[in-house]
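Considered here are two forms of the same protein chain, supplied as structure tokens in two stand-alone entries, structure 1 and structure 2.
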Structure 1
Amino acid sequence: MAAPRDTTRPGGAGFPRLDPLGSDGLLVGFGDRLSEAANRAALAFRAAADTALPGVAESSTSLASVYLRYDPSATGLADMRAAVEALLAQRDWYGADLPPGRRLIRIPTVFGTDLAPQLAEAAEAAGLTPDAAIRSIAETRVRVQTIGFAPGQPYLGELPPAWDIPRQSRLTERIPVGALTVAIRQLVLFSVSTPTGWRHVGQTAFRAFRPDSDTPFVLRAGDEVEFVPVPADMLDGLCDQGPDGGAAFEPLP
């Protein structure tokens, strides 16, 4: 029953789309599948909404949508909807620039071995040898498309088409903090230890959530990341280097 996608519009027919989410929220969708344009639109529109819409109590993005929570005792749904529609009409959000202040972060990563036991399985699903799989991930500079699911946890993309592999149907019972996982052309770098359906292909000493530091959430949407292969016996030493786990940060123009 889903309408055929209108390829003349970046998000497809009917986008951007506004829906109530609960009795104090609005979801602004920019597309029903992940695309570079829809992701840029979501990041840019959230930033604008935070400054231009006075009734917003809290905002958040996912891959291609923006959630706006408002205080219903101060702003009604109709007023909020009108304000959002007026802001949407102001410009072409799909053509927006990436947010300012972005950084490139190179994170040392042990691929495979006992530390990341699903590399071979993931490579096979992608039709690659393990070595080719490591090269493919390491040579792709991925971007933080959204932070979500768990505190400070980045969704990174987009990997080459071979990586359009599904999540596993069975859950891994517990994945360690710093685990690099793959599915559907994306990487997730786990910020907490949790069950997951994503395949564990690399292990880092990087802590994306540092609750007692001045910067509890380290990565930001728009940051770019490279996962640099290192031998397994280096991991302990990287852990000793603190929560950055040997990562190097540099500003992007």
Structure 2
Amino acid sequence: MAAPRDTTRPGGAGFPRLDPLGSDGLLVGFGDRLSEAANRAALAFRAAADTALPGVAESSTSLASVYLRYDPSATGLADMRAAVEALLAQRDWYGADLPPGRRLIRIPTVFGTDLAPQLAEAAEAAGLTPDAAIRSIAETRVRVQTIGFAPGQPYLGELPPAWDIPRQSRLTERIPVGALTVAIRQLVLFSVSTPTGWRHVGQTAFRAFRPDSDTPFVLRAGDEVEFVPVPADMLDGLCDQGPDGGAAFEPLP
């Protein structure tokens, strides 16, 4: 029988945890599952590691961990591990402020209709009416928790507990770029057209991946997003406005 999870520590027993990854990487884990505290710790620690740790060639975050790649010709695993442990000991990363430079992005979104045909199904799974489901999503400011699965594609959360619904047991054959999907208290804003097991509840004209841009990944982990309901007949006009799709950006303090 597995040992019970230690809920007295934000990330659980044994966290933060360091694991070598390949010949030139370290994985710094802040929890064995997504939580607000573990995600906050991962975002804050990565920002600090990029500036405070010598020898880091590349870094990235997942929902609850940080990957650090170093140059093994200049820094050994033991030295990198010692430097990471020293940085971890400097503060309570689970209670750290989020990194500076974050933004709030308000994205016009068509909920339901033929453009996002699984709204009613998702609302029923959450025990809500479709109108209540739209209000719940639109009134919740969600944070980009990580970028993954496809280029520039954000995972956003958390939604209220009612949205702790599973992914589908089957795949939707294909959803379009800009589709807003939901499961397990998270939203995913699709940056590419792809099959998915997440339910398609909204459609935007926002392009999260812009390969011809100097900034191909538009959203960054830590940014906050609001999805603003708009009528379906506005979508074509929003597409004509360019890749922002009518989105408004503002800096966060």
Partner chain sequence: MSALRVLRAGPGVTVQDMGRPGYLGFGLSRGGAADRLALSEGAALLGQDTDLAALEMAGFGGVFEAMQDLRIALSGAPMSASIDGTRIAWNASHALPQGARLEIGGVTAGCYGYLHVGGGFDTPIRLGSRAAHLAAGLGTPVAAGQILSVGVDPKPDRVGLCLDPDPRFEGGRVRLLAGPQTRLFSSDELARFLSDPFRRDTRGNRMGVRLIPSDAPYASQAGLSVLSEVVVPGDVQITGDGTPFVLMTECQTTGGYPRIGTVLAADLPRVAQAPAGATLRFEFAETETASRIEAAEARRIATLRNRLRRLIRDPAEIRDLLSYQLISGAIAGNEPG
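Residue indices: 1-based, along structure 1. Take the two forms, find the largest set of C-alpha atoms that superpose within 1.5 Å, and that set is the rigid core. Computed from a predicted model, the values in this text were never measured in an experiment.
The second of the two structures is the form predicted on its own. Treated as two rigid bodies moving between structures 1 and 2, the chain carries residue 94 and residue 109 on opposite bodies.
Interdomain rotation between structures 1 and 2 (smaller rigid part relative to larger, C-alpha based, rounded to whole degrees) is 11°. For residue 56, the Cα shift between structures 1 and 2 is 2.9 Å when the rigid core is held fixed in the overlay.
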